[in-house]
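Taking the form predicted alone, here's one chain by itself in structure tokens.
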Amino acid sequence: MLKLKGSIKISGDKSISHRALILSAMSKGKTKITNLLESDDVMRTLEILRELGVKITKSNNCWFVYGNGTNGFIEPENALDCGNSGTTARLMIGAVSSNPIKCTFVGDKSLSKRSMSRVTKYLEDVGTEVNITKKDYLPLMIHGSENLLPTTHHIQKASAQIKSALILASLNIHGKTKIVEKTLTRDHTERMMKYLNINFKIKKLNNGSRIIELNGPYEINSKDIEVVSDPSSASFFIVGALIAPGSKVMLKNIMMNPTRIAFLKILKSMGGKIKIKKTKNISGEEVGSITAEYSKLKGVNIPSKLSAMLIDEYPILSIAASQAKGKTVMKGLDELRHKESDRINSIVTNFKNIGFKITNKKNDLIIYGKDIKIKKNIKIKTFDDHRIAMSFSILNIIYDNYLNIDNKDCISISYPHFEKHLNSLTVKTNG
């Protein structure tokens, strides 16, 4: 038997790392970034910014970005390769759209199956020229302009990536841009802009919608950024502690942004013994410490209205659900179809292979908790999806490594130190 014991420093947040690089590149002056997540995805953003003429160096574990301003990108000589990173693709497409340059964006096989029109249709509305494969996919060519028209965007599908892409585009658009989101999504871009003293407005409407109002073009003064630790990465070790008897972990300096810790409320509602202590504010984000220990979990209903806040945590929440008494219902997961893999299919396929009862009705999942004993090796298909690989690595703790995960290399996309951190917490018991 294995359990998790101890404390580790979780790596920097992926979402913050992307935005720290991009907004520093669009600032004037030199920015020092500390605790940047050096994952495959983030390095794609960094290399693309270099291709666009931004000087970026590293010294003593700190990254230095020499910003060229909101209108400072130069036309790249090569195609901009986003690899597997949807965040890189969508945010950078937005960022370059209001610069008068031509760019070609490409990605790997997986990313080339993920929708880009969800961003480009808004950019085309304001005057950006876009040629896109099969009207939806990479490769795509974009011809940006500094004469885009300011307008009001009504975002139909809740997505922080779409919102952030439009915000980044608007930083160099002359006039007033309004972005209306019906459902609240992660607000890292807005928080970082506030930290950087960018002047914009947020209006909350009675129906729950929000309007983000920007009046460009902007000149942004550089400011050093510390990247806080990633709550999505922390979620794996928190669930590991909850499901493995005798476990207890403590994680410090974890981001406490309300749009990112909805999974903690879900785990607490399942009976998880989790203690949270907020400590300070770092570069616009609240941080705190989290303690989690073994708990007897029970199944819960997770409504669709929370889906935008749980989009990255559904795979690890499904692992918690498999060890809970009763059934867990997860509703409105359609956005999971458009991640690194079709995560609904990835979760269902592997759970059925292990022997769990799981049903998928349209975009809802019903998981029935069960105490399954495994005495033979079972293959886990990651579908080259980092969160699927990490989630089933956590389930492997209670199955004495009988789960053979087919591709752990994909974990480096978001969390290069995952295996090292997991091994440092893992302890053998006499059970």
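Numbers for residues come from their place in the sequence shown, where the first is 1. Everything numeric here is computed off the predicted structure, so don't read it as measured data.
Note that the form predicted in complex with a small molecule isn't included here; everything after this is about it.
Contact with the small molecule in the model of the complex, judged by any heavy atom within 4.5 Å, is made by just one of Ile243, Val300, Ile167, Ile311: Ile311. Of the residues given (Ser247, Ser295, Ser159, Ser229), Ser159 alone sits with a heavy atom within 4.5 Å of the small molecule in the model of the complex. Considering the small molecule in the model of the complex, the lone stretch of 349-357, 159-167, 206-214, 126-134 in range is 159-167 [heavy atom distance within 4.5 Å].
Among heavy atoms of Arg186, some come within 4.5 Å of the small molecule in the model of the complex. Contact between Lys182 and the small molecule in the model of the complex is not found at the 4.5 Å heavy atom cutoff. Taking the partner from elsewhere, Arg118 is found to have a heavy atom lying within 4.5 Å of the small molecule in the model of the complex. In the model of the complex, the small molecule sits within 4.5 Å of a heavy atom of Lys339.
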